[in-house]
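First comes one chain, alone, set out as structure tokens in the form predicted alone.
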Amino acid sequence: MTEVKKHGITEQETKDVHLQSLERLGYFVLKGAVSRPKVNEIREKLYGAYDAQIAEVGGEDNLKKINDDGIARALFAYDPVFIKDVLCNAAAEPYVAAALDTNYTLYSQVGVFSKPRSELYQVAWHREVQYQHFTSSRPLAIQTLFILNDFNVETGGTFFLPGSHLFEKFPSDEFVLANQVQPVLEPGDIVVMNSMLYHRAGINRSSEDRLLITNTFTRPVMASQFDYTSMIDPQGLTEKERQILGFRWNYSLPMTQWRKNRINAI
């Protein structure tokens, strides 16, 4: 490794370089974390899950009515691959656990289909924890972005605003245009990011869909988007998988039922 010359420095960070990037920049990339055969399997099953969800609501036009077309939600309920290889991905999970102090649960799992020459509402800058203008000493939420197609200028890959998770206010337009980055990403890459980092989608100008799965994990004090425990049978799940999917922390139950569930689990 190339030596970095220093003068007058008596303290230096020693933790993992990816965790340093997560703290200081707000994100990092795990290159080639998912094999190409597994990417192809996930991509195929993502289309299958979306088709099933279209059928559940009586057609894609109904999704368009609520501005939810091109979005597949709670994928884990449709195929185990979205648990074993996505939610609990072996490459990304240690970083999520380190950032959220081991105890965390799933807020949302979303597959995003960016159609050719279409503009998603996600092209606007946003934080995943929306409408919030504050910072915290430790992350409240962490996202893992699974890249399933090439992300670049032509396909409209994701833009990030490095370091923006450290500041309460969104910066000026001039600052954004000067400091935004759009990394080139390939199928199988995983982006791990602080959910308070400002980011946005680009516009897909290619001839193919651009596919992404984003998983948002939060500390248990933040409620999940849906009651996931009602969507999946816990039989066969590991203790970690049960925790992530809300079987350990589920605040939607009546108090008595919550107590009985805990008693029966002992």
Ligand SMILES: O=C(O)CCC(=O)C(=O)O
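If you're wondering where the values come from, they're calculated on a predicted model, not measured in any experiment. In this text, residue numbers run from 1 along the sequence as written.
What comes next is about the form predicted in complex with the named molecule, which does not appear here.
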inquiry  = At 4.5 Å between heavy atoms, is residue 118 in contact with the named molecule in the model of the complex?
reply    = no
ask   = Might residue 39 be said to contact the named molecule in the model of the complex, defining contact as any heavy atom within 4.5 Å?
value = no
key: residue 112: touches the named molecule in the model of the complex, heavy atom cutoff 4.5 angstroms   = yes
query = Contact between residue 158 and the named molecule in the model of the complex at 4.5 Å, heavy atoms?
reply = yes
task = Identify, from the list 225, 206, 229, 214, the residue with a heavy atom within 4.5 Å of the named molecule in the model of the complex.
result = 214
note = Assert contact_stretch over 23 to 31, 62 to 70, 235 to 243, 197 to 205 against the named molecule in the model of the complex, heavy atom within 4.5 Å, equals 197 to 205
Sequence-ordered list of residues in 123 to 149 near the named molecule in the model of the complex, where near means a heavy atom within 4.5 Å = 126, 128
